[in-house]
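Only one chain comes next, encoded as structure tokens, the form predicted on its own.
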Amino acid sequence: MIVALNHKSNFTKEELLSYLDAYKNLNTYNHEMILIPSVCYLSLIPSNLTYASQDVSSKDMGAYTGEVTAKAIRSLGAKYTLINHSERTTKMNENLDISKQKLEQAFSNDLIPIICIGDSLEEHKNGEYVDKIKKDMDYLLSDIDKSKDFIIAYEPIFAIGTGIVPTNEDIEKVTTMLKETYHKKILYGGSANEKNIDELKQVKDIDGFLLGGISLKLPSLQEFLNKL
């Protein structure tokens, strides 16, 4: 399975180096591990590890002070990048148009996008979430060669960092639709941890997990991997 570790805006340089030193002793059971540190630390990740950027600019190289382009990220050895993460869309007010531009930049610079897609609590309760997710995915992928390599991460917005996890049945409605429609690897993210992995790993049409909080705590992550 794929296990992607999103550090979000955590760790100082010294803390990350300490983490990486301990990470070497992690038993990953041959799962495909993807480290996703803050972009400023990408150059610190050993070349024998697979890593991703948490974000990518919607712009190409040029006069865009503060932006980090896909081309620059790829030059640092990153293989993947997150696109459309809900913390970008809800906290940074980035809409689907911006996410689509970022997706195009990733494809143009040989970065494999991990496209995050999710639903609000209201959409989930109203039973609108499967249609909403498909509509958003279709918009992001419009005018894009669907044979290109990408991964889809289903992350219910209301589940990220809250401890609230939808039922397996609800998750499967999304993962099955995504798998049958786009024929790509599907991850689940949203409060997945060592305590609920026994249940979550039974979800159909799932190829791995995008982890947040637990990715920072290696003992908990090891327990998660032991059960996976």
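Note that residue numbering follows the sequence shown and begins at 1. Keep in mind the model is a prediction, meaning the values are calculated, not measured.
Quick note: we don't show the form predicted together with a small molecule, though the next part is all about it.
Using a 4.5 Å cutoff between non-hydrogen atoms, E87 counts as a contact of the small molecule in the predicted complex.
At the 4.5 Å threshold, heavy atoms of S53 stay clear of the small molecule in the predicted complex, well away from it. Contact check for G161: a non-hydrogen atom falls within 4.5 Å of the small molecule in the predicted complex. Using a 4.5 angstroms threshold between heavy atoms, G208 stays clear of the small molecule in the predicted complex.
Picking from 22 to 30, 167 to 175, 65 to 73, 190 to 198 the stretch near the small molecule in the predicted complex, with a 4.5 Å limit on heavy atoms, gives 190 to 198.
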